[in-house]
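Shown next as structure tokens: one chain only, the form predicted on its own.
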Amino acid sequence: MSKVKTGIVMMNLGGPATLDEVEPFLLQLFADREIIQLPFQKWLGPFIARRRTPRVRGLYANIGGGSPILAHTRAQGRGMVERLDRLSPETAPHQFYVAFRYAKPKSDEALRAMHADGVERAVAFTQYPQFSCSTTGSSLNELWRAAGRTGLRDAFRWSIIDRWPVHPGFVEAMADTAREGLKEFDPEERDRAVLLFSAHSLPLDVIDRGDAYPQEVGATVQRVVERLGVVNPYVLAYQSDVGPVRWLGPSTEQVIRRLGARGEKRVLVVPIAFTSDHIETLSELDREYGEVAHTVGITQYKRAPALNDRPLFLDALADIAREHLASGEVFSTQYPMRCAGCTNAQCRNVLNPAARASRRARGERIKSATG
């Protein structure tokens, strides 16, 4: 294989691949203050993680014994770079590298693999379509820390794809899954199905600092509804809140209960912030909330399929990367805008930027990553 010219790091939270990895995964998650801040976290975090482990192990056992997110991410990466080699021959050959937060492969492994492949130009490509400091921001911070741990701080020239909530290809791919989900309803009743868009929740202290996540999720929902061109009523809710802190709502479970209480019989859940199947779709949405829907009288509860390796989504990933590489930009225009209440000195850093910050970056200087 010829030397890789452009390396693309696909960043995501990841998931335990086996049941034995569930407890270490949860321990890391509840110890990370960039994701969730708990009182007395040093003690409370491990307590919550270990207390939740048996139940979460059971949930993973019910979906096959581990998370499928790595397999889906690799399939997405293969499809993306195959298309990108054709779309952007001047930056080819491209290769993808997976960097998960709490499961293998982690950032250190991705960086070492890039270095072994001779990569010099690197793109950190968030797999969270909507930006949050807790997801994309913390993944980037960890990527820069990993560069320091591995001695590869100066090995690559970096740029960032930090968000893509309204990219036309992504919107079309999401609309296509919703169309497919609506086909599960009888034609004469289809227009009456409630579209329940569900996104992963975040602690309210993150939102109160000024995090962009709620507005970007809302923007995605609006674009998808417009692209669908249907008359169905729709609502946005949030799932997967854990721990003794306040979370962004309304919760998906409570919305399902309230829809049932007011007599709604048909609900199509659309996972609007997830790019592949994992425990939140296969267990929480399909099994747990499906049972809730049944108990409150919703007789037709369906879920739109996840994006996974659907061709439209692979097209979108490749087009997002192509546009970014062609632009010569280091990051989006919004990336330098720190939250009004930000207290993290590492936030919004870029290690060894591939170009100078443009005027579109509002005069913000690119800072070298620390730590």
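Start at 1 and count along the sequence shown; that's the residue number. Given the structure is predicted, the values throughout are model-derived calculations rather than measurements.
Below, we refer to the form predicted in complex with another copy of the chain, which is not included among the displayed structures.
- In the predicted bound form, another copy of the chain stays beyond 4.5 Å of every heavy atom belonging to Ile48.
- In the predicted bound form, none of the heavy atoms of Val98 sits within 4.5 Å of a heavy atom of another copy of the chain.
- The closest non-hydrogen atom of Ile320 lies beyond 4.5 Å of another copy of the chain in the predicted bound form.
- Within this chain, Ala219 lines the site of another copy of the chain in the predicted bound form, having a heavy atom no more than 4.5 Å away.
- For the candidate set Leu87, Ala92, Ala146, Val194, a heavy atom within 4.5 Å of another copy of the chain in the predicted bound form is found for exactly one residue, namely Val194.
- For the options Ala155, Leu248, Val292, Leu182, the one in contact with another copy of the chain in the predicted bound form, meaning a heavy atom within 4.5 Å, is Leu248.
- At a distance of at most 4.5 angstroms from another copy of the chain in the predicted bound form, all three residues Pro165, Glu226 and Gln334 contribute at least one non-hydrogen atom.
- In summary, the region of this chain contacting another copy of the chain in the predicted bound form, judged by heavy atoms within 4.5 Å and restricted to 302 to 310, 61 to 69, 336 to 344, 30 to 38, corresponds to 336 to 344.
- Residues from 245 to 282 that approach another copy of the chain in the predicted bound form with a non-hydrogen atom closer than or equal to 4.5 Å are Arg246, Leu248, Gly249, Pro250, Val255, Arg258, Leu259, Arg262, Gly263, Glu264, Arg266, in the order they occur in the chain.
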